[in-house]
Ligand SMILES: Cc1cc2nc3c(=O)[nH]c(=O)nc-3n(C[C@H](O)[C@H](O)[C@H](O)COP(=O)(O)OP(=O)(O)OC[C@H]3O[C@@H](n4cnc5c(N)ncnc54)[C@H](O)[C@@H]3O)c2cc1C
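This document opens with one chain alone, in structure tokens, the form predicted alone.
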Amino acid sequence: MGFTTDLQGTSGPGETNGRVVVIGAGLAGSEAAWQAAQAGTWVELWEMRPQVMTPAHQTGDCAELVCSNSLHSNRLESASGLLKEELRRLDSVILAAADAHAVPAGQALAVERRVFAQDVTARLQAHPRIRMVRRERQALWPLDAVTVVATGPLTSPALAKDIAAFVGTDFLYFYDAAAPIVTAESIDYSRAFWGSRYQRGQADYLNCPLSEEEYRVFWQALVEAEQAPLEAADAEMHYFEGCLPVEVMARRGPETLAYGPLKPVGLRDPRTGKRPYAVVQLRREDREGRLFNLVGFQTRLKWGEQERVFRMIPALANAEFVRFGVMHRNTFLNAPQVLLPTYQSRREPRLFFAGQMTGVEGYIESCASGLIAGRNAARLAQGLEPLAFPRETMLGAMARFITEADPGNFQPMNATLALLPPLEPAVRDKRRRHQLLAERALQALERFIRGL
């Protein structure tokens, strides 16, 4: 099937004229478009921003990060680190840009988000087999090409309605929240110190300590603060456990935060030589350290309440907020009913889904689903069978989990080593077990790549 729109470039030796349409240029859609184009197919990448914006996005850039600038751990023995390494070995455009624009974050990979998104956009626009279409796609049909839907948790209402009608089942949903960002110059550094929990990696986090009395006062104000209203249709809340608003966590009990995102383990305040009762950690938003976000402080408090309550943290008494925390609906499919491990629709083989709408949770997980969907969409457009990745890889394990879980109780899932098949014989030492799981995953991936 020839590509009839005005793309730059022509087919080279060994290439096909297969055509893939990708709807949505977030992390998953950007990766899907890149992978399909690298495989030799022509790609139309649809993105409605900046003509039509969402409640969470601020730019028209591809792969804009809206919640946090952290892509989580880089340690190979962690699920997130292993998934990143698998993506790097498969020519991920997202990981290439992330590595190029990393900011100090200890053993985590965090990026300067604006420059990162601009870089991904530039790479996609420069690809000779990718054409950007800056319009809102309001319907799936007519399906005149192999298509990857990667419109994310903020899919436009018209397209969401069309998708819901196609899959024949109600969308599930939860709410996702973003943390506030403050200026570096407004932080009281005399009441903060640099350090990293567990003494791991560089001291890349700015810790804002609280005494027990300060923590109690802060907690009380937080649980009593007024939240922003939700849409009437969304009165029944379904939060994702891994991204709870800080005020929701606080309402679970006075010590929940002190043993959660504010835990001071492995940290000592140099002013006292003692471990604080609790710490609020700040992480750089940009390479120069001009902006910091409040780690773990996703919230849907009203903006005035955020300013009032978060300034009760001593080091943030005069904090200048450049972005307040926001909350938005996050829509996803009942993947076990809808999808195959190839991220292909069970009902329509020419239709693929990718990103958070598939039930994967997290930036890198979304990127991973886009990589698989994009590669498989290209294969189908070229007359080849789509492939499921090996179960021993984190890529394959995530795809298997979301498509084989109990559809009656399906919830989004982050990457975790627990999804990988157990080692035989079993290894009791946790660190050694994680190391062996990572080694096995990368070996399985290399065999898979060679088999292609």
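Each residue number is its position in the shown sequence, starting from 1. Because the structure is a prediction, the values reported are computed rather than measured.
Below: the form predicted in complex with the ligand, not depicted.
- Taken together, the three residues P180, R197 and E226 all stay farther than 4.5 Å from the ligand in the predicted complex, as judged by their closest heavy atom.
- In the predicted complex, the ligand stays beyond 4.5 Å of every heavy atom belonging to F389.
- Taking non-hydrogen atoms only, S156 approaches the ligand to within 4.5 angstroms in the predicted complex.
- The ligand is not shown here, and in the predicted complex it never comes within 4.5 Å of any heavy atom of V20.
- Residue contact check for Y363: one or more of its heavy atoms lie within 4.5 Å of the ligand in the predicted complex.
- A heavy atom within 4.5 Å of the ligand in the predicted complex is found for one listed residue only; from E136, E77, D286, D162, this is E136.
- The chain is drawn here without the ligand; in the predicted complex, the stretch among 78-86, 212-220, 355-363, 308-316 whose residues come within 4.5 Å of it by any heavy atom is 355-363.
- In the predicted complex, G24, A25, G26, L27, A28, G29, W46, E47, M48, R49 are the residues of 24-52 with at least one heavy atom within 4.5 Å of the ligand, listed from first to last.
- Relative to what is shown, V66 and M327 are farther apart in the predicted complex; their C-alpha atoms differ in spacing by at least 3 Å.
- In the predicted complex, the separation between the C-alpha atoms of D176 and P50 grows by 3 Å or more relative to the displayed form.
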